[in-house]
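A lone chain, given as structure tokens: the form predicted alone.
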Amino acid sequence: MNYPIWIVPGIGGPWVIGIIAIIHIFLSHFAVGGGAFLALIEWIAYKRNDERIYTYVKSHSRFFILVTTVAGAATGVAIWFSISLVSPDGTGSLIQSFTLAWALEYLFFVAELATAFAYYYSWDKISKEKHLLLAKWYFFMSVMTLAVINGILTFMLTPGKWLDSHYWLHGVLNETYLPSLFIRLFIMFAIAGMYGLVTATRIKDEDLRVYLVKFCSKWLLPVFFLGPIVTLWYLSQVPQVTLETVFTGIQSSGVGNFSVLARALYLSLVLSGTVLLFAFFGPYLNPKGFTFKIALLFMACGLATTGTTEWMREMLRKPYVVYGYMYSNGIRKSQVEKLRQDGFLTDAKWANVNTDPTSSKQCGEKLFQYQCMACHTVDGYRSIKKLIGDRDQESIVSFLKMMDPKNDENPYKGIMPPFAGNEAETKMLAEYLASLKPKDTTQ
């Protein structure tokens, strides 16, 4: 509430976060799965005393370092910038609630980076046994980084006991912590295999290339055979209200989140099936014919699958940024009743900057920016114009009053947060929204 608003026309602020996050996830997951990949393939080279495999591992490690420590770190910083601009209240709450967890994550991350650099720059400078030990240590540090981050990510959907205790460890070790950790590890192994295919297809030695291409394809097996089981475990821990919203939701498709989630669910299943068939009929059954260009196409398919699945996971907690605690617009659930009595604009200091308090339409625009733009744009992604349709100001007032979580007839219950403002502000917002309706030019 007490932060300046960041307006992103067309796609909206959340999609800025989404685009950066999808790329970062695909890179950062490689940082963990790729660590396991390096440790295992180097162990194979050590056991076989195969210099050809050692040459490949050394080349792959350079690719690994560039992707994870340069591109991965850059997109990670970009995420922090974007979330602090789009959702400053949510970001601030996570930092304040998990200060110790973030400190632990930082220590593990620094150790992970130091080990990664030591691993790459110590090639041919230390014994093979010690170099293999560095690979194992890197994988351990990367998993520990994941263990902390996973707790904070899952907390946002299932805060559990934290809602009552506000004890950080209750928030980290929440109901979906373990199933989510296993799912992410399986996905990370699959992504490591995809990245491995990119470098393996560049090998000139045909016998080695065929062996490594088939080896890389096997890294996708855990996510497809064990992933569905762990996913069912994960879904059993998700709030039942959320699942009902996803699978029943709003019956009027084309307007609400249900239709979007349904399409995303189907797309995720189709893409996952495509990746499975791609991996089986491509690098596994036909490693000789699997080329570098096909490997890049395979990675693009993996990126699309990862992005769709992550987007669905984010949507599960709507209309909250922290489920049951803070709505996606940064308003805490406990604040709503007070704001309905006292008004929103009286407390939102930045909303009154450069605003004429006598202009109800201008105040209504500020109310829209602070309470609706966390999910909607004016006429872009989730256009508020389309949602409002042909409603007049009076109908919009009724619409805003209808969006009460206590109202069982509210079709947007569990999807859109309630409007947190008094009677006068409800009319201000309605006046602004009504002004967005295209003027009738036929008369």
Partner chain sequence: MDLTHIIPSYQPLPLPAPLWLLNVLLVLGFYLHVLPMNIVLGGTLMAAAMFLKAGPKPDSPMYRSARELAQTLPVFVSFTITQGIVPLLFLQLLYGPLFYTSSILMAGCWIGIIVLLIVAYYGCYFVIYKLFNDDSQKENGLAIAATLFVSFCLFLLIGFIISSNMHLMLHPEKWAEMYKHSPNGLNFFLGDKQQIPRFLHFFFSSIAMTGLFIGFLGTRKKERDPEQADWMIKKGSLVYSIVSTLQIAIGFHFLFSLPQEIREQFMSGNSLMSYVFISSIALAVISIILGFSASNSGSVKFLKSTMHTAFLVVLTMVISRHFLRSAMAAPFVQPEKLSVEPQWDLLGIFVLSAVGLIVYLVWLVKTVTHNNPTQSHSNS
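Positions refer to the first chain, counted from 1. Bear in mind the structure is a predicted one, so any value in this text is a computation, not a measurement.
Omitted here: the form predicted in complex with the partner chain. The next part is about that form.
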(Q) Quick one: 234, 238 and 393 and the partner chain in the predicted complex, is every residue within 4.5 Å by at least one heavy atom? (A) no
**Q.** Among 270-278, 218-226, 85-93, 187-195, the region lying within 4.5 Å of the partner chain in the predicted complex by heavy atom distance
**A.** 85-93
Q: Answer for residue 366 alone: is it within 4.5 Å of the partner chain in the predicted complex, judged on heavy atom distances?
A: yes
Q) Closest heavy atom of residue 332 to the partner chain in the predicted complex, within 4.5 Å or not? A) yes
(Q) Considering non-hydrogen atoms and a 4.5 Å limit, does the partner chain approach residue 145 in the predicted complex? (A) no
Q) At the 4.5 Å heavy atom threshold, is residue 127 in contact with the partner chain in the predicted complex? A) yes
**Q.** Partner-contacting position among 201, 305, 150, 97 - heavy atom within 4.5 Å of the partner chain in the predicted complex
**A.** 97
Q) Considering 410, 383, 55, 69, which brings a non-hydrogen atom within 4.5 Å of the partner chain in the predicted complex? A) 69
Q. Which of the residues spanning 94-121 lie within 4.5 Å of the partner chain in the predicted complex, based on heavy atoms?
A. 95, 96, 97, 99, 100, 101, 102, 103, 104, 106, 107, 109, 110, 111, 113, 114, 115, 117, 118, 120, 121
